[in-house]
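Just one chain follows, in the form predicted on its own, and it is written as structure tokens.
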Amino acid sequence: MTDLRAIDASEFRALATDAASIYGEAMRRSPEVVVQRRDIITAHVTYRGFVAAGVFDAMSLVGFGYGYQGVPGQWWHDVVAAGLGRDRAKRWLRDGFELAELHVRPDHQGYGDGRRLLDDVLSRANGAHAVLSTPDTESPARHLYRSYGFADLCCDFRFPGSQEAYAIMGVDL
């Protein structure tokens, strides 16, 4: 049985290495990318409206989710705004909560922890909309987001420096 709980910014900063490791396992990323993600996570805890939750098995983090209010000048916000175009960016990114990460260790997937994390983080999100990016494949994560009401805003989206296709998804909160 796992325990879900809200995590404040200072506690999440202390869990950044564990969170990045879970990201790496879930997304099958190289150790170099995991280190970069740890640094990104550490920066994100300082963003306005930061909300995080973790799932713990005993005392170990086995899943996490977090996001924040996106604003112009933040890398993801600006890249996605350009990809969506002016009108859709205005609609979805103004007063938008950016769900930055939601991952569960592979050996803990399939038990509902991803949905619990998503429900918790979005229930505390400050914003009229939530937006996210996820690999543009028919994955369990994409199915989870669709079941929550997220719709595709842009498919086959490429972030600078990456050949991987992503979907940008959004839901009204």
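Since we're looking at a predicted model, the values are computed, not measured. One-based numbering along the sequence shown.
Absent from the display: the form predicted in complex with a small molecule. The rest refers to it.
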{"query": "Option touching the small molecule, based on a heavy atom within 4.5 Å in the predicted bound form, out of A125, I40, V34, A26", "finding": "A26"}
{"query": "The small molecule contact in the predicted bound form: L93, any heavy atom under 4.5 Å", "finding": "no"}
{"query": "4.5 Å heavy atom contact, R115 and the small molecule in the predicted bound form", "finding": "yes"}
{"query": "Any non-hydrogen atom of G49 within 4.5 angstroms of the small molecule in the predicted bound form", "finding": "no"}
{"query": "Proximity of V45 to the small molecule in the predicted bound form, heavy atoms at 4.5 Å", "finding": "no"}
